[in-house]
Ligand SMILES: C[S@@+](CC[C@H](N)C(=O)[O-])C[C@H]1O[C@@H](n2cnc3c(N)ncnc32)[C@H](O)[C@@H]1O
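The chain that follows stands alone, in the form predicted alone, written as structure tokens.
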Amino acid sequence: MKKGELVVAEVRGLTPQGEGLALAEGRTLIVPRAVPGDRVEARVAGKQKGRLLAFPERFIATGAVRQQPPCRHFGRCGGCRWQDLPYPEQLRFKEGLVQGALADRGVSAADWLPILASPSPLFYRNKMEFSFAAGPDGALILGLHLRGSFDRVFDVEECHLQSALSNQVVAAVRRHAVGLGIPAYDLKTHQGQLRFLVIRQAVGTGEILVELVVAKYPSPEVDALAAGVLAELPQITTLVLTLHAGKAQVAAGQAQWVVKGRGGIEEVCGGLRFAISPRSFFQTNPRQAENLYAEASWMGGELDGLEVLDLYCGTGSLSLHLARQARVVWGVEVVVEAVEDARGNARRNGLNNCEFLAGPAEEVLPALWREGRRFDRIFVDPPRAGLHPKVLKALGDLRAPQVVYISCNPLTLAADLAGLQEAGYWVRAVRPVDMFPQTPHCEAIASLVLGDV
């Protein structure tokens, strides 16, 4: 089977990334945009992670209903990969991804709960990050990355994941930047000015934060750009300029200037108010985050009078939800700025039964165990890499009666649940949670109980 060859493939499963896994002539292929049950005519493009990669050119038979994608950029954009699947079909495949990952590690649950659908499958994100680039003709581009490319950007005319006002901001920034002749930053020459546009809009309050990341500041041309956008869109609550003079292509920087507003916005989630600054982490689907936290609290059971630990607590969003029931909540987070935000959020909501500790969970948790601290409930929400081995061991040593695990990666969830089973826990229930409609990504909540089933 050679590059460029056209083959007929039967799609039998999905990769953890949501791409089709197919068989053709006894070989395994990765077929993007295909799902189990599809029979496709696909052209071999090369190899990906040791497997042949083939792109479908014709669907001979389909294993799922298809629809016309609502977004004009579908297929080019690296974001939404499942817009051609009706939302119920997306949920069905996401459930399968979570169940398959756990089954592969020998993890069984006493109760498999149905997936929790997002309240809105479109226009749900409260944060989007856009990149500036120069097109082949040198014209300024402001948009998202092409699928499969880290250095190629296309102009976004309308994104169906963000609000109408956010789309207006993108258009206004592009128009004023082009009118002023401000060049995009060039990754190869490290010349130019404009690097990123970050938009955050709170669903609960409607406040909107716009951040421009630039290579040089102070700069009269950047000031003129900010003034023009603000004059066109007075609805913008706060606008921040961030200087990023380094070569790394990340939307962060060395200094910030607040041009309008207080430099941050407030979000309401589950009846609690949270401050969001340009660098704060907050769930990008806030309405579904309310459901996620409510479900996690329910899985944790009655918390009245209990001492609760929240590992990887971020800015305290889950901690504060738990603190309305528990006697005391301890939050642990490695990012010092996030801990300060968490403390401020606790004060903002009048909750004085929260304590937040700054430091890596793999250092703080063993130290708490050595100090003799014990907890009635432990909630963990680790990054995609899952639990550090030292955290996994410390959880086994602490032997809390119940652990609630919130995961953004079914593969590492499965590995960690297997480890906790070896430490004496059994999985009482698992529920997938769809935080990112139109993509194959799926979160999950697992409730574990210490002792025999």
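Since the structure is predicted, the reported quantities are computational estimates derived from the model, not experimental observations. Sequential numbering from 1, following the sequence displayed.
Heads up, the form predicted together with this ligand isn't pictured, but that's what we're talking about next.
Heavy atom of residue 283 within 4.5 Å of this ligand in the model of the complex: Yes, contact at 4.5 Å.
4.5 Å heavy atom contact, residue 126 and this ligand in the model of the complex: Residue 126: no contact with this ligand in the model of the complex.
Close approach of residue 383 to this ligand in the model of the complex, 4.5 Å, heavy atom: Residue 383 belongs to the contact set for this ligand.
Heavy atom of residue 83 within 4.5 Å of this ligand in the model of the complex: Residue 83: no contact with this ligand in the model of the complex.
Joint contact, 317, 333 and 360 to this ligand in the model of the complex, by non-hydrogen atom at 4.5 Å: Every listed residue reaches this ligand in the model of the complex, so yes.
Among the candidates 87, 375, 312, 356, the residue which, in the model of the complex, approaches this ligand to within 4.5 Å (heavy atoms): Here the answer is residue option 312.
Which of 150-158, 265-273, 195-203, 360-368 lines the interface with this ligand in the model of the complex (heavy atom within 4.5 Å): Only one stretch qualifies here: 360-368.
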